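Quick heads-up: it's one chain on its own, the form predicted alone, in structure tokens.
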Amino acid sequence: MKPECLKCHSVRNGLEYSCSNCGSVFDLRVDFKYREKTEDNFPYIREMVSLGEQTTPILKLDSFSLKLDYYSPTFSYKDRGSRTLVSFIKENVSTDTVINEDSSGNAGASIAAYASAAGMKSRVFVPLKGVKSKLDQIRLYGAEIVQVNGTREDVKNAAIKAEGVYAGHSYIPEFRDGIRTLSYEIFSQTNGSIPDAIYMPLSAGTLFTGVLRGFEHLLTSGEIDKIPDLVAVQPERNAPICSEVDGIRREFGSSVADALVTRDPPLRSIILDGIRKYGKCISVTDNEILEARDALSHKGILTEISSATVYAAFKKKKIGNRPMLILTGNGLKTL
């Protein structure tokens, strides 16, 4: 497995976040059959950094199931990607190197935690406005927080220019490659009888593309005979992918789904290709999101507001006979 440019197929030489020839992002494609031991599916890593990860539970309800992926060390699915990315960085640079990330939320906390577990320092670049509880979590893991006055692009550029190694989770392919483990886990937990539809929140697209690549690997390996419908869910006030898929112009604005903020995802081509081949994109209003969060809470399930988008979408449009909803963040993060 070697990272190749999505557009010109140039092979990455080091730890670049984008192709020096055309500026596109790199992609990782699996070139071997699925292996039952999860870590064997990541041959470019000799030893995984660990925070005691466990298989996250599946909760079966009347007409759907929930994958409670916030039962992760930092209470977010992002740990799947951070574990792989930080393990990869640790093996390729000196442990004195600072890991730079741009995120004011779950990815920043996750990268900070795994950097600490790897014995490395981290620096997380954030916009001036952020959710205090998430910034506190980042800080408690020992990361240096750098606030940047400007746009989300300004925050990213500050992280890229800083001394150290850039670990932007939206760009570096080893992060989203780690999300493949979610597909393998669903396959294993369901004894191969995977759901026929999977609902996922969509922002930068690391979750969607990682799950897509995982199921593609299982399909080409002969472990499954069909990829489930992959249902991407976005808040209506920030739905660039749904707008493009549907051909409907939507106005951008702030949303209660504070973790779903990406308006120009670098993985756009992979996301659109995956949705058009295997799935759908559903947008939901802020009222629908809040109602869904409350409805889940009344079932005893406390999830982050941004995660509740999937239940809002399911209530709006049920797809498949055995759908599964991925809950990505713990509700305690945003109380």
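Owing to the predicted nature of the structure, the values given are computational and were not obtained by experimental measurement. The first residue of the sequence shown is number 1, and the count goes up from there.
The discussion below concerns the form predicted together with a further copy of the same chain, not included here.
Asks: Within 4.5 Å of a further copy of the same chain in the predicted complex: all of 156, 244 and 272, by heavy atom?
Replies: Looking in the predicted complex, the three residues 156, 244 and 272 all stay beyond 4.5 Å of a further copy of the same chain (heavy atoms).
Asks: Counting only non-hydrogen atoms and a 4.5 angstroms cut-off, does residue 297 reach a further copy of the same chain in the predicted complex?
Replies: Residue 297: yes, in contact with a further copy of the same chain in the predicted complex.
Asks: At 4.5 Å between heavy atoms, is residue 116 in contact with a further copy of the same chain in the predicted complex?
Replies: The answer is yes: residue 116 has a heavy atom within 4.5 Å of a further copy of the same chain.
Asks: Report whether the minimum heavy atom distance between residue 59 and a further copy of the same chain in the predicted complex is within 4.5 Å.
Replies: Result yes; residue 59 sits at the interface with a further copy of the same chain in the predicted complex.
Asks: I'd like to check something about residue 8: if you look in the predicted complex, is any of its heavy atoms closer than or equal to 4.5 Å to a heavy atom of a further copy of the same chain?
Replies: No, no contact at 4.5 Å.
Asks: Within 4.5 Å of a further copy of the same chain in the predicted complex, heavy atoms considered, which of 209, 72, 122, 181?
Replies: Contact residue from the list: 72.
Asks: Just one stretch in 260-268, 212-220, 135-143, 94-102 has heavy atoms within 4.5 Å of a further copy of the same chain in the predicted complex, so which one is it?
Replies: Contact-bearing stretch, as computed: 135-143.
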